[in-house]
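A single chain comes next, written as structure tokens; it is the form predicted on its own.
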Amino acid sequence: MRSDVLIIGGGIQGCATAYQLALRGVSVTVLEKDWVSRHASGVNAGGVRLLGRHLSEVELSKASMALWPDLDDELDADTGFSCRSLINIAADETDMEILHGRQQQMHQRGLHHEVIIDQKELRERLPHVADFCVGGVVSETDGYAIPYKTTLAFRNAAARQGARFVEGVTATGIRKVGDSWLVSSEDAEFEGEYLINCAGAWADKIAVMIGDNVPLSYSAPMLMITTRMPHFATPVVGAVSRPLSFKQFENGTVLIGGGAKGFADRDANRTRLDYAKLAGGAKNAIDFFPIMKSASINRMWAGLEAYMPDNLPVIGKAVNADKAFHVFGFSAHGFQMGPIVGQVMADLVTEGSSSFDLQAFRIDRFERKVL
């Protein structure tokens, strides 16, 4: 099979990139070793978050946020997107000092989307918050979407534009022959002029076959969801310095995250839960919202996620190979950026450059520079 572009990995980054390329008339084949949305892109918390972004990510994240409200119409699908605002709660005055310090940095760069709120406004927005909480910061445009629905929406929209998705195919070999990339599996070989590595927690293996090394690690961020509860929280909720992340859906269920990690067995393609850490996450939710004492946990799970040492993704060209690109390592906060990353990658392939500054996301940023 020959295409203009081969994409390895069927998560949201791979599917959004395939969609944008197909829109431009580029033939594209996506190779996925399991099935689309199988790992991190299908089982994450679904946060659509501009709040708290690393400064290197803010411009990309802002551009992506502008796309989210219209995605359902563009993709002709239900992504589950809901704009609810996101509040990071300050548990004490030290947290408030952190917020004011960050706000000063943001304002110096002309960024004003993060607004500090005092204790009175926090209680108006979140009446059930614990008494010890002193304030917080809010981003009004933020919210959430349903990861599985969103990734499939990009996949199906790309397929309608002519993109091919080949699932259940593991890339066992990659080589460059003349002007073509050849990707081999146990049963087939695929050929393309360009190659894009969107392989998530397995992306370092693909990178090595392309010719680039990267210090990627992987883990299993865990989530749990409750049975239905009376409505008590409209905004998505986080905390400034404590592991808290949750949202209450329209049906009353509450999704609890916070970054606790289970056990990741990448070679076996599976994860295991760490119940002690999950219990700690539940206690933390109760500390901030005592109403959660009455919650019953309905289900718990973990995904396989790629992490970089600085928690910033790799986005851009390969450094040791021509016509190859990398998009991975979003460190548990890449879902929101999927729509814009697809456009960025399509620009890199079709135009050779991007309007965004991608220096902070270079794959070789951890290599020691020889003076």
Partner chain sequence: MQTSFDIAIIGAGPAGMSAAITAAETGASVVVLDDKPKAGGQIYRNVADSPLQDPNLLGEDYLQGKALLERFENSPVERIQGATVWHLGDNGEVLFSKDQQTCSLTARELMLSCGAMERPFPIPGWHLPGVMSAGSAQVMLKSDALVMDGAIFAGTGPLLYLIVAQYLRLGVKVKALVDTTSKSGYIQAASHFGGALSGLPMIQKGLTLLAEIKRAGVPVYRFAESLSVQGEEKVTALQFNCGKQQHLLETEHLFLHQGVIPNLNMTRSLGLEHRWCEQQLCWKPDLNEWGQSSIDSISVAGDCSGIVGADGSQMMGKMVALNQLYRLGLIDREQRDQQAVSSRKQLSRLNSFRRFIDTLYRPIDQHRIPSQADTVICRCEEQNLEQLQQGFAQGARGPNELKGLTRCGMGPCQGRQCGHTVSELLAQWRGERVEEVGYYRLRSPMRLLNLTELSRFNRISAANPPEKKVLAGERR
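This one's a predicted model, so the numbers in the text were calculated from it and none came from an experiment. Numbering follows the first chain given and starts at 1.
What follows is about the form predicted together with the partner chain, which we do not show.
In the predicted bound form, F132 stays away from the partner chain, with no heavy atom inside 4.5 Å. The partner chain in the predicted bound form comes within 4.5 Å of no heavy atom belonging to Q248. Not displayed here, the partner chain is kept clear of V208 by more than 4.5 Å at the level of heavy atoms in the predicted bound form. Among heavy atoms of R272, some come within 4.5 Å of the partner chain in the predicted bound form. Distance criterion of 4.5 Å from any heavy atom to the partner chain in the predicted bound form singles out K283 from the list H128, H112, K283, H100. Exactly one listed residue, out of M300, L182, C83, I116, brings a non-hydrogen atom to within 4.5 Å of the partner chain in the predicted bound form: M300.
With the partner omitted here, the stretch from 188-196, 168-176, 89-97, 227-235 that lies within 4.5 Å of the partner chain by heavy atoms in the predicted bound form is 227-235. Interface residues of 27-56, taken as those with a heavy atom within 4.5 Å of the partner chain in the predicted bound form (partner not displayed): W35, R38, in sequence order.
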